[in-house]
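Below you will find one chain, with nothing else, as structure tokens; this is the form predicted on its own, and questions on how it binds or moves follow later.
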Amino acid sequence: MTDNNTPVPVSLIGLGAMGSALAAAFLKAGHRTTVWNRTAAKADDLVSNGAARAATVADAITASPLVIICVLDYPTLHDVLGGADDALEGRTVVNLTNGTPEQARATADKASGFDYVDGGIMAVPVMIGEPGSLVLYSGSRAAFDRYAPVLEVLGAAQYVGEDAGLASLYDLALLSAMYGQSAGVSHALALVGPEHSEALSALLPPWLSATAGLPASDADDSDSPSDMQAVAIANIADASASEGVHADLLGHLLVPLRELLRAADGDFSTLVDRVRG
């Protein structure tokens, strides 16, 4: 295992907003950082702050034992790495490109001659290297353990399993929860209207914090009877229509839930299983 006080050469491939933030965090922590991007000019600020600019992907890879990749998508990832097999030999590749579990597993299956770790970044670029930043990792346990102190530079590093698709799976699940909550908050503010939005905004954080946690399937149904939940959802839908809230904002969030409850004969505890089909 490396020591986070011992500088480790790191190469960063992909310098979009997130990739640049990752490279900047490694530089700030004192790691010798080599960078490469298809549009070379995107490396200018990093180079002015001490990064080494690689002329080719292969040059970037061979410059460091730890290679971090953060590009737009998996097709771009495979295109960028095409023909670099010899350069990858004996290195650890940490792929922080957002994708699906299937894409991560397929990439791991094709990895030959190097250790592969897949990751899911639970942060926006400005959060990288700051408290609250979390990055999930899956794949080679030995490689993760070896470089965990270095990866901690980016944020809390949490290993979730040897299945390379798990980090992506957890990432997308957490994003789904976030987007659902964001949609719910948007709907709530639309429901009360601008004249009451300030008052509701003060109530939302403690309410969401208090109700956050495990799915309803783990709760005692006697605490909040499912038939009452169904009535509440129906009332939200009716009130939204009365207040002129656009149906699109309500429909994708609440109406399917109401229909699921009806299909479950009011049994709220089976919702998670029914959503999975």
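Start at 1 with the first residue shown and count on from there. It should be emphasised that the depicted structure is a prediction, and the values quoted were computed from it without experimental measurement.
As for the form predicted in complex with a small molecule, it is not shown, yet the points below apply to it.
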Heavy atom within 4.5 Å of the small molecule in the model of the complex, from candidates 136, 151, 71, 94, belongs to 71
Partner-free chain; cross-checking the small molecule in the model of the complex, the single residue of 129, 125, 184, 101 with a heavy atom within 4.5 Å is 125
Which of 189-197, 160-168, 104-112, 75-83 lies within 4.5 Å of the small molecule in the model of the complex, heavy atoms considered? The stretch 75-83
Non-hydrogen atoms within 4.5 angstroms of the small molecule in the model of the complex: do 24, 28 and 48 all have one?
no
Partner contact for residue 16 in the model of the complex: the small molecule, 4.5 angstroms, heavy atom:
yes
| message | Can you tell me if residue 32 lies within 4.5 angstroms of the small molecule in the model of the complex, counting non-hydrogen atoms only? | response | no
So in the model of the complex, is the small molecule close enough to residue 38 to count as touching (4.5 Å, heavy atoms)? yes
Quiz item: If you check in the model of the complex, is residue 121 within 4.5 Å of the small molecule, heavy atoms only?
Solution: yes
